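This document starts with one chain, in the form predicted on its own, laid out as structure tokens.
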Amino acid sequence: MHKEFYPKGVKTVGNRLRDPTFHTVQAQENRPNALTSGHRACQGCGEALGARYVIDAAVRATEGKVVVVNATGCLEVFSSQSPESAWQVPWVHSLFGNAAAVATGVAAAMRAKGTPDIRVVAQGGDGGTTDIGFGALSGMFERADDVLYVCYDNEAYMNTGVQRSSATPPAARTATTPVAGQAPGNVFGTGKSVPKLALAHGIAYVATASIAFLHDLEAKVFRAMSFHGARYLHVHVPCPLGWGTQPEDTLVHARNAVYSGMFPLFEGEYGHVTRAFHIENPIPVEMYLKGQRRFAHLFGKDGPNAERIQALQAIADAHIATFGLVAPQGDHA
């Protein structure tokens, strides 16, 4: 069997020459492969990558004692078209908006059966989480149900035609926020931050993560599974189809979202932010926007729309200030 080897300094996910403590779950030869080959995700799908890492880490953290509840959406559709399934874990498909409620019921059933050591992970997209399922999710938080809920945020309803969700960034073009009028794209001042709302509920653990930083993502899953009670993980997963990007550039855009401050990475426990992923050298938000067709109207034939780009830069700057994302001198998170 052919294997490729890399220098020790290369931060490659599967680099087996590095110290084992720096390996991801995916770099292990006995990795769980909870989401296996045969699914129908698009090329470069950030959600498929994120879900594979999250659930494999959860399987490893629980020694295989995990049940997954999946909301309707892209992830469910491309992974489980009847009569086939790409899942190799106990997996339940719920409706678009009730994954948190179904997961609560599964956790209650495990307690009733005398098997509380079997843990529950619920997952859904931003539409099923920040919009349709938010009431059920808030109830799960308020009751402190023993569930880890994972939102894979690709910033729109990608499965049904790229409609706007409450996680769609300002100025972005979607099917319901077209490039038209004096202020094309999604309206500024709308939407909501579910990670901040989760913190406000005072639940055991809240974190944001990105597929651009897979070691960090896996570590946060392990940390989440070390808690009991309600937990929330919000994972940024670029969508080549909805964003109008090249499949091979998915990780580039994910990385630029973090380095610009547009998607801040942080952790919180019981209502308080405890840690932030530091950015050594923040990049201008313009570097993140370029290359995405959903923002192409900001860079028209008459030149960049400086006013709207600056408004987006202000959002990124506010994230950097709020979460303390710029690394202190000599600190490299």
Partner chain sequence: MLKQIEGSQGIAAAVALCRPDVICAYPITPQTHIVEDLSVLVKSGKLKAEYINVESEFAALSVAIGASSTGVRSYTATSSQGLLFMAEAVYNASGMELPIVMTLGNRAIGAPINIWNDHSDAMAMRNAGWIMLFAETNQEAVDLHIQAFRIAELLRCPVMVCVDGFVLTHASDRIDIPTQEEVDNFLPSFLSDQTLDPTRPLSIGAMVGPELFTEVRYLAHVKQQTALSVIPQVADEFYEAFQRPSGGLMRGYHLQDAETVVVSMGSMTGTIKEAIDEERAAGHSIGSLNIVSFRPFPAEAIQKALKKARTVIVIDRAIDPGDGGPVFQQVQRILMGKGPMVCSVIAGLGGRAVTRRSLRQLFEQMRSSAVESPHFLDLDTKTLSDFLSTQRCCSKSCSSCRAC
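All values derive from a computational prediction rather than experimental measurement. Positions refer to the first chain, counted from 1.
Keep in mind that the form predicted in complex with the partner chain is missing from the display, and what follows is about it.
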Partner contact for residue 112 in the predicted bound form: the partner chain, 4.5 angstroms, heavy atom: yes
Residue 131 within 4.5 Å of the partner chain in the predicted bound form, heavy atoms: no
Heavy atom of residue 143 within 4.5 Å of the partner chain in the predicted bound form: yes
Contact flag, residue 262 vs the partner chain in the predicted bound form, heavy atom cut 4.5 Å: no
Listed residue (160, 166, 80, 176) with a non-hydrogen atom within 4.5 angstroms of the partner chain in the predicted bound form: 80
Sole residue of 184, 105, 229, 202 within 4.5 Å of the partner chain in the predicted bound form, by heavy atom: 105
Residues 67, 95 and 118 all lining the partner chain in the predicted bound form, heavy atom within 4.5 Å: yes
Stretch from 69-77, 150-158, 193-201, 167-175 whose residues place a heavy atom within 4.5 Å of the partner chain in the predicted bound form: 69-77
Sequence-ordered list of residues in 219-251 near the partner chain in the predicted bound form, where near means a heavy atom within 4.5 Å: none
